[in-house]
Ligand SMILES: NC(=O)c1ccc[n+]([C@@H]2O[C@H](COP(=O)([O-])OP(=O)(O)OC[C@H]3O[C@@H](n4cnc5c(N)ncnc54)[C@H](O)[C@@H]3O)[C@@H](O)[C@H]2O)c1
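Single chain ahead, written as structure tokens, the form predicted on its own.
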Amino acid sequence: MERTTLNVAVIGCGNISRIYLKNLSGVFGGVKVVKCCDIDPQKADKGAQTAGAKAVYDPEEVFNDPDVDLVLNLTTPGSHYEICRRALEAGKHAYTEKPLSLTFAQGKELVELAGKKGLYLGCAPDTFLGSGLQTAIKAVNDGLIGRPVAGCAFMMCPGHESWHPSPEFYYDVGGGPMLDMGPYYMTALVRLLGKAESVTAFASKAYEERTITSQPKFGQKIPVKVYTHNAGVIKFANGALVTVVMSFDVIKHRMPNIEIYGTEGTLLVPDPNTFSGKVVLSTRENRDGAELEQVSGYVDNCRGIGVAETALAIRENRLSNASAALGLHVLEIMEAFTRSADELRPVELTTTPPPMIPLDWTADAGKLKTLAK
């Protein structure tokens, strides 16, 4: 590619697009948003105004534009597969919001298609590139907790119908707490502990119907078509057993987001849906724990850093960190929770996540901010 800047077209200009457009247009170099596409013209126009880009209302205008290098797919989960497939078939790199697809089979097809085409396919979340999780990952890799033996991950809330303006898809096929919030937690666990080998789980739903209490759809009923409480154990290749609960059926809880237990210590890991947060190490010598010094400067809401790092990886002809191969392993884990609950048996996993590409975060932060500017 002759250009030093990757031209990006955004498809899907809903709520999540705002932070992406802000960061890709002002924080990170190496990328330029050239088109904003949405079937709702008002959303496309607003996104284009934010990014200083052209508004379009038909994805075909994106796929057929030779000046578009990468399609950033910010549509709802049910459209992730189709938009990514069309982008790859059009010869464009792609990066999608989580999850990679609604099913492991679809995700695998996309990864294979990208490989066949020689294109990059990335997948959110990219929060593990922030200071909080990078600090935790380094602590585990440096042996500060010894050999990891166990862990826990909890994401429990009463659901999204009290605040989201259009929460129906959270309770439709492809929704639920596992596919909605699970990607953050599973990605963090995989980066902390490596390959997952199997999942044993149970699942339930507390309600057959939910009532929207947010505006503008206050009072509307939502049929619940998916599990809203998932509980199980992931066995990792390194032997660690991690208890996981993902739920939309819990009003209040006091459990940690993530803790990792090792032979020499315990690591309290921050919320994986954020880029920062305290990392606390407890050892035999200091059971009360001490906060670890952060290793990276990315502490704000930097959604879009995965796109910028993908652009950098393309320029440097190397693997990217927020890759679809990682997203596929995460998707297989999440699907295994449902399969295990449905089939009442452990589910063995078939994929292996790619390694974390080590970066000098001080140097690369500068690259990501100044590249091609």
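These numbers come from a predicted model, not from an experiment. Throughout, we count residues from 1 along the sequence that is shown.
There is another form of this protein, the form predicted in complex with this ligand, and it is not shown here; the text below is about that form.
Heavy atoms of H80 reach within 4.5 Å of this ligand in the predicted bound form, making it an interface residue. Contact annotation: K92 falls outside 4.5 Å of this ligand in the predicted bound form, judged by heavy atom distances. Taking non-hydrogen atoms only, T76 approaches this ligand to within 4.5 angstroms in the predicted bound form. Interface membership of G14, defined by any non-hydrogen atom within 4.5 Å of this ligand in the predicted bound form, is confirmed. Checked against this ligand in the predicted bound form, the candidates R191, H160, H229, R303 yield a single residue with a heavy atom inside 4.5 Å, and that residue is R303. Partner proximity in the predicted bound form, defined as non-hydrogen atoms within 4.5 angstroms of this ligand, places exactly one of 39-47, 338-346, 310-318, 64-72 at the interface: 39-47. Contacts between stretch 186-222 and this ligand, counted in the predicted bound form as any heavy atom lying within 4.5 Å, involve no residue at all.
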